[in-house]
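Take a look at this one chain, the form predicted on its own, written out in structure tokens.
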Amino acid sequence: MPMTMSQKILARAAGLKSVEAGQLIEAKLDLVLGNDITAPVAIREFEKTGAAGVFDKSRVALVPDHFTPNKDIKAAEQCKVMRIFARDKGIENYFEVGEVGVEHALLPERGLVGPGDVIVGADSHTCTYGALGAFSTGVGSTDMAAGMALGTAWFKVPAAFQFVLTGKLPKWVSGKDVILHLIGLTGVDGVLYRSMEYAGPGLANLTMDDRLCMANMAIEAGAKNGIFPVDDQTRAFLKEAGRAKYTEFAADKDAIYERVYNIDLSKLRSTVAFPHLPSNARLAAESGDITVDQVVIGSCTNGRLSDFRVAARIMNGRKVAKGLRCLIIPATQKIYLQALKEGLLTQFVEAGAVVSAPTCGPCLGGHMGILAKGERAVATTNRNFVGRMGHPESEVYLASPEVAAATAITGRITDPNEVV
């Protein structure tokens, strides 16, 4: 039976020769992930099971990143629950402040996720790791608890949509623009409980950071997961991360896809998702005269070194618009340190931006950048629902680091070609 890439990975994890869309399976897990919002709930459920310990101390990862550094007493108590559980259960992959980062940037950087893995995380953007050829998806805290105890999870095998990419992106256009364009095509539930599987010669022209961004936002199209084939770029990334052992899978040539999209990357332009849906995609150059109060460059979607390098090139020698707040948030300590060594952080501060420690903070309206009533933000984050970054009468516009940097300079939504 022909299978997609995701289906092959699930078949292996379930110990089956083949699986088909809609089939219910129990699959072995390679990693279970939780953060400071979701893990404490899972830990309380785990304790109800009576399990003496987790299924594998090296295959559970606890990452306090959403409200850290702790913003208040409640946040501190949440992290304390994780800290005590990690210590008592001997969990190897617990990351304290000082070594922590935004989970979906930190785990690939540490080599904890790789091709052929089946990964669940109590965070919807766990689908990020599909960029590395893994089947990776978000689950609820109860499923996380069961995963920690048993090392298995139930899945309904997803059908798939295929996205065939050709061409090369124009200058100042990146993976964020691609995924916003695709979500604009499909809608926020257009790929509901299906795999977004990528193919085509255009893949060679996408960086790993482009792919990580695109896989991250598969959930914004309603997808169960997003996944990229493994190539030399993937292997080089894994080598740098210290991940030596993994199993590569590839879709069968006659795999069945419910729908196929053909995308010429060379025709894409800087794209912005207007409030209040990621699918409300428009060209940045056609956004009109929309002034903003805040720009955020960071998050699990666009907080990587390449994002800061391109933002710095656009902001070089320029100043943040008077009255605008520009927040720079490296996704991990390693990214922070390298950006510091390259002088990028100095450049941002001299331009009038502020640099934060790694955190998810503003993305979910947690801290470090909450919006007041009537305020607008351009953010490189992944969601712009009502009240996502603060007051329910605020607005969030999703964009690439290129658009965000250009907007920080002009004070209004701006195509980067207008300023460089």
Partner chain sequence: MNAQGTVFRYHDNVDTDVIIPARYLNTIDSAELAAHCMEDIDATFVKRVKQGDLIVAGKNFGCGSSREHAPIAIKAVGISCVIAQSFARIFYRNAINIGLPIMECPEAYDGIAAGDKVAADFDTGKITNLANGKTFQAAPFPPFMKELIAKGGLVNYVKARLKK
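Residue numbers count along the first chain shown, from 1. Note that the structure is predicted; figures quoted are calculated from it, not measured.
The form predicted in complex with its partner chain exists for this protein as well; it is not shown, and the discussion that follows is about that form.
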property: Its partner chain contact at D143 in the model of the complex, heavy atom, 4.5 Å; result: yes
property: L192 within 4.5 Å of its partner chain in the model of the complex, heavy atoms; result: yes
property: Contact flag, E45 vs its partner chain in the model of the complex, heavy atom cut 4.5 Å; result: yes
property: D232, heavy atom within 4.5 angstroms of its partner chain in the model of the complex; result: no
property: In the model of the complex, the residue from L182, L165, V139, I335 that sits within 4.5 Å of its partner chain by heavy atoms; result: V139
property: Heavy atom within 4.5 Å of its partner chain in the model of the complex - the one residue of A281, A149, L345, L203 that qualifies; result: A149
property: All of R59, F228 and L305 with a heavy atom within 4.5 Å of its partner chain in the model of the complex; result: no
property: Among 118-126, 92-100, 250-258, 166-174, the region lying within 4.5 Å of its partner chain in the model of the complex by heavy atom distance; result: 118-126
property: Residues in 10-44 close to its partner chain in the model of the complex, defined by a heavy atom within 4.5 Å, in order; result: L24, E26, I37, T38, P40, V41, R44
